[in-house]
Structures are given as C-alpha cells and as structure tokens.
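Only one chain comes next, encoded as structure tokens, the form predicted alone.
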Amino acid sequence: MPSQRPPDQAPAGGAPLIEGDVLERVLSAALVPGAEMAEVFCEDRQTSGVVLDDGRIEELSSGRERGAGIRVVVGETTGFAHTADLSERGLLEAVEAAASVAREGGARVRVAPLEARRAASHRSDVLPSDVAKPVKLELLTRADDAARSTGAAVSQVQAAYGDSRRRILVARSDGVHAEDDQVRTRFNVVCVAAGDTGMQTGYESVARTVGFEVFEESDVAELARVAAARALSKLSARPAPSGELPVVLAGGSGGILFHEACGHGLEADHIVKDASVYVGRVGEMVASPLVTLVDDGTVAGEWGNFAIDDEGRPAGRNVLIDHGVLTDYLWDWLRARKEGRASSGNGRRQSYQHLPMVRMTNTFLLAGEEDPDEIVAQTPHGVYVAKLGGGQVNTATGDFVFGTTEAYLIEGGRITEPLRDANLIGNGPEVLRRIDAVGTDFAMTPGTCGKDGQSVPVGCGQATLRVTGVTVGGTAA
C-alpha cells in the first residue's frame, strides 16, 4: 500500500499569483444578486520537453501559460469565463462575462473572509527548470544506447523527456483561499523490433510528482532495456487464445482496468445523471470481499498527487469499495452541494480555461496476502498480463474492452510463451466479483485520464491478482 503525504508540507515558493485584496474585490463583484458561490481559479504553468527519435532531436519545446477562470453559480446555472489578463481590470471583465448569467433580484451574498493556505504537493529537491538542457539530453542518448544494445532486431527507438511546474490559486466566496505548487517529471521509451513476424512495439515509462531527483531512483537505461525486451519478445509470440479464461494481472499492470471500468462509474456526475451501474448501490456487496478500492490524491510522489484539488479542497483518501461493499462515490463541490455534503477533493480541471468536474486522482486496489508466484502456480491454464494497454468502457453498463501490450500463456501453473496483443472483454462489476486471489506486490502506474475533452494526470495501481474468468479476444483457432 502506498504511503500517504505527510501533513506538514513546505510552503509553495514564489509570490502570490493574485494579491488578497484584489481577490476580495473580484469575488465581491462576482456575487451578483442570487449568486450562491463565486470562485477565482488562477494558474501559472511552465513546461518543457524533448524527444529523441532514431538518435536525432525531433522536438525541443518549452512553454508558459498563465490565466484565471471565473465561476459564478446561480441556482442550477453556472457562469464561467477565463482570461489571460491577471490585472484587476482583466479579472473584473471576466467576472462581468461570467456573472451575466445571473438573474436580477435576491439578496447579495456576503463574501467570507479569506484565510490563505499555501502548500506544495511534494517537496521537489531539484526543480527541473534548474537543470541544464545537456543533462536532460544525456538521459535520452543513454536510453537510446541501452535499447539498441539489446539486439540488432531493435530497429527504432524513441525517448521522450518532459517536466512541468503548475502553481495554482483558488479563492472562493465561502472563504476558501488556497494555493498549490505541483512539480511533475516524466520519461518514456518506445522501441520497435523487426523480424519475420513483422514489427513489434514495446513501451516503458516513469512519471512522478517530484523534481529531477526522480532519476536518482529510476534508471533510464533500465527503462529502455525493458521497453526493448517487450518488443523483442513479441517477435516470437504466438496468437493469443480466444474465449473465457482465467486471467492473472501482474502488480501495477491492471490498475487502468479498474480506473476505467469501475472508477469512472463511481464519479458523482455519472451517478446524478443515472448513467452508472453503481447508482443507488451504496451499502451493497458489489465486488469480491478481497476488493478494497481507494482513490487517494495524498499519495506522495504519485502522478495523481496534489495538495489541493482545483476547487481549493485538500486532497483526500476516499475508500469507495470496502471488502466488496460499495461505501461512497467521488464528489466535486457542484454535485456535493446538492446532497448537502462536502466535496471529497475530486474537483479537477485541465487548465484555467476549463470548468472543474469530478475526476479520479490515484485509484487503486489494496494489496492482499497471497504470494504472487503462488497465484500463478495455482492457475492451471490462463493468460498472464504483464502490461495492459488502453481501452474503452460504457459507464452505464460497465462493459469494457482493453488491449494487452505484454501477455503470456499460463500452462500447468507456469508462465510460458509470449502472446501477441489481444483484447480483454468483460464487465467491470462482474470482474470485481470474480477476483479470487490478491497478492502482496502492490505497484502503481502513471497515466493520463481523458473525460469530456479534458485530460489530467492520474495514478492507477494494484497487486498481482486473478480473475476467474475474462473473455480473451485472441486470434488462435
């Protein structure tokens, strides 16, 4: 199980994005008659990246984006406007646009006193912006060399580095005034191997909510060798079997399945729209007793880690399924207010140009007590998935399709031949009920979650586990 973020974070660096007295005047102007809540969300994001493809620098980029989004809520109507002009005049013009949806009449709501709370998602020992470009480029060439050293069949290597620093400020008419400083660093390698069966691809990455010190823990050469080995193993892979089979998901590899097939169905916007298989099922047994599903934005260093969400609420640890029993959903402010409860800290947005919505953070199944090797040994026949790819899910039904990117046949309790890429086809609630073994080897995987046109960083995780039956869409006769 991952460790939680310590409560006493270091304060975020730099001057306030917007001064407190300006915020109070802007919020006062936003509270038109009948307004229930007004909010200023300010963001300053800096990014840089470099891509090495076949030994040549193909991309070298850097950018900066600053601006504010203004939200005014009047009954069931939300007015929203955004601006790149952070002057008081620019903010007030955005307020006027957002507040234009408000109806005249009613008493003006008082702005609660703002009490500043500044935090940092994780202490960054080495800010990536302080690292010279040649040092970053050396990581790429080292990965390229390592991948090519694995064999002549490796015909193409692409390595990519990226970092970002995102400072945000949230001020609301209910007294919330919070800031966060989020530093993220990532590195990934894609390898292509060519052989008699055609071209095969392997991928590996590291992505953490930390600074450049991530490379003290993660060896880019080893990442490259893993990616190359995946591509090479597929050159001799046999077609995957077809039909319903037991499937063993390696630790960390299957978290995306539960994120997509279960997590999205537990987001409150799907619940209030009656567009989820989990509507009205709190208190019911919806999974195997071995399943405890958690969404936790406080997990230090993971890709979905932050100190506050994009509505100013502290990140939280939310148990969604407890030993098979559905206990709660994920909430943002807008949906939570209708239920007379607090947000769970899951209001997130892609940037200041977007409205917040209910989003996952780090979503994972807690580890169990079984030896991972024994789980395989006790599986006479099936498929071992070492790496799961992307997929699709219907939240209303829970039906999903996911691709495998590294899988092997299980024969006589042993992992044997590599398999060509195939699909796993099933139903999220049904898969949760069919989990009959969970190991101790918990691991997390970073990812990017897309929803309604917005993308945010998330983490997914689980230990090695077995599902007694999943439909494998292979090509073997």
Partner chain sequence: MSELLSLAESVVDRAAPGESVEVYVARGHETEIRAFDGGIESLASATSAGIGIRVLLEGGGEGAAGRAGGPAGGAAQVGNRVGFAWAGSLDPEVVEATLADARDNAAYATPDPAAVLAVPDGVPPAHLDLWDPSLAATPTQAKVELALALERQVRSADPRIRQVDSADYGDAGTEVAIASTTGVRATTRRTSVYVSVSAIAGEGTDTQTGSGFSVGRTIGDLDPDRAAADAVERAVRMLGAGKARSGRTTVVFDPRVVSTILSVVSSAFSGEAVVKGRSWCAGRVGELVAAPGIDLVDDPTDPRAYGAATVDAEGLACRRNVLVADGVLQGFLFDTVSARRAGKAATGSAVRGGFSGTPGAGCRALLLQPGTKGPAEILAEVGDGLYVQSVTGVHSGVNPVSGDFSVGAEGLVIRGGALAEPVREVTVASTLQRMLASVLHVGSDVEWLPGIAAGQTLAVADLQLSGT
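Numbering follows the first chain given and starts at 1. This one's a predicted model, so the numbers in the text were calculated from it and none came from an experiment.
One more form of this protein, predicted together with the partner chain, exists but is not displayed; see below.
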Is it the case in the model of the complex that 205, 340 and 466 each bring at least one heavy atom within 4.5 Å of the partner chain?
no
Which of 397, 236, 149, 129 has a heavy atom within 4.5 Å of the partner chain in the model of the complex?
397
Sole residue of 264, 313, 335, 172 within 4.5 Å of the partner chain in the model of the complex, by heavy atom
335
Counting any heavy atom within 4.5 Å as contact, can you tell me which stretch out of 376-384, 133-141, 214-222, 286-294 lines the partner chain in the model of the complex?
133-141
Touches the partner chain in the model of the complex: residue 421 (any heavy atom, 4.5 Å)
yes
Quick one: is residue 63 in contact with the partner chain in the model of the complex, heavy atoms, 4.5 Å cut-off?
yes
So in the model of the complex, does residue 90 come within 4.5 Å of the partner chain, heavy atom to heavy atom?
no
Can you check whether residue 79 is within 4.5 Å of the partner chain in the model of the complex, heavy atom basis?
yes
Taking the partner chain in the model of the complex, which residues of 264-282 have any heavy atom within 4.5 Å of it?
273, 274, 275
